[in-house]
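The chain below stands alone and is given in structure tokens; this is the form predicted alone.
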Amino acid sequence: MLTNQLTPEQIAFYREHGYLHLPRIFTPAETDELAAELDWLIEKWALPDASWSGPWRQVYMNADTEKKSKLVAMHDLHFYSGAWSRCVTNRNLVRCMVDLLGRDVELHHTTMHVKPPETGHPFPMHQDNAFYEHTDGRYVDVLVHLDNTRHENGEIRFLPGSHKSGYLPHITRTPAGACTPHLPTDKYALDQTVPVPAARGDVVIFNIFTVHGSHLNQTNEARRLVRLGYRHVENVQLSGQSKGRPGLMVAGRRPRQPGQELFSTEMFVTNPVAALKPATDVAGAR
């Protein structure tokens, strides 16, 4: 059993605050390879404009910025790149997940979040559980940093301890129709949050219920992050992104439930092109 990557103090900080910064999980060489592969994925596969919708945009951006604001994104990088497959099974990272989630850990998904230069849009306060709802909090989101982050390019920001409140109702519809889930801007603001800048090769982890967001990228360079989602294998998903498909076991074993059959060897969809199409919104962007 993989254990003891994290110190008792780090585990206690995560339990109390709902997030944790872990420096140098990936070596400079590993980070260089992941960054190069990400740039290839952006060129060949990614969605060039996966921006979030909703009235929050007018609160966070002026009219001119709002028109130009973009987000580059895609799901499941490990389906397209060997380097990213190695990333999700990185021994040091997996040991961290075991320390927080227990012996049996499953990869749920990976998602690219790239804020383009100058127009990389901010994200309103939200919980990732709004995008892939789970039964409980045994779910850790991991942000792999391929660039140094700071205020100017929109580092991740958290509302400490917010995970203790469990799932909060999100705005999902407006008079104009459906919108990307987000928390009310009059109750949850970025100026209430704690910034967590990090260096390339670092990861920042947080609980699926932790409220978070980020500012606009104001720099002349892209801000590249990739989110990896890990859960305890018995944490049942209720709705949202990747529901119904098995994930890769990165630690431990998948217990067999009474009457449970082997996973199907058939494709989950009959149209392989449709399988590559994104959901209406890119889940849990930051």
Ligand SMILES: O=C(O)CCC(=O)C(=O)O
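Just count from 1 along the sequence shown to find any residue number. Model, not experiment: these values are computed from the prediction.
As for the form predicted together with this ligand, it is not shown, yet the points below apply to it.
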Problem - Option touching this ligand, based on a heavy atom within 4.5 Å in the model of the complex, out of A46, L38, L225, V250 - result: L225
Fill in the blank from the handout: Note: exactly one of H113, H134, H108, H182 sits with a heavy atom within 4.5 Å of this ligand in the model of the complex, namely H113
Exercise for the section: Please name which of the stretches 126-134, 193-201, 72-80, 86-94 has residues with heavy atoms lying within 4.5 Å of this ligand in the model of the complex. Expected result: 126-134
Exercise for the section: Assess the spot marked by Y14, L159 and H163: is this ligand within 4.5 Å of a heavy atom from every one of these residues in the model of the complex? Expected result: no
Handout entry: L143, heavy atom within 4.5 angstroms of this ligand in the model of the complex
Key = yes
Practice task
Can you tell me which bits of 183-217 touch this ligand in the model of the complex, meaning any heavy atom within 4.5 Å?
Solution key: F206, H212, S214
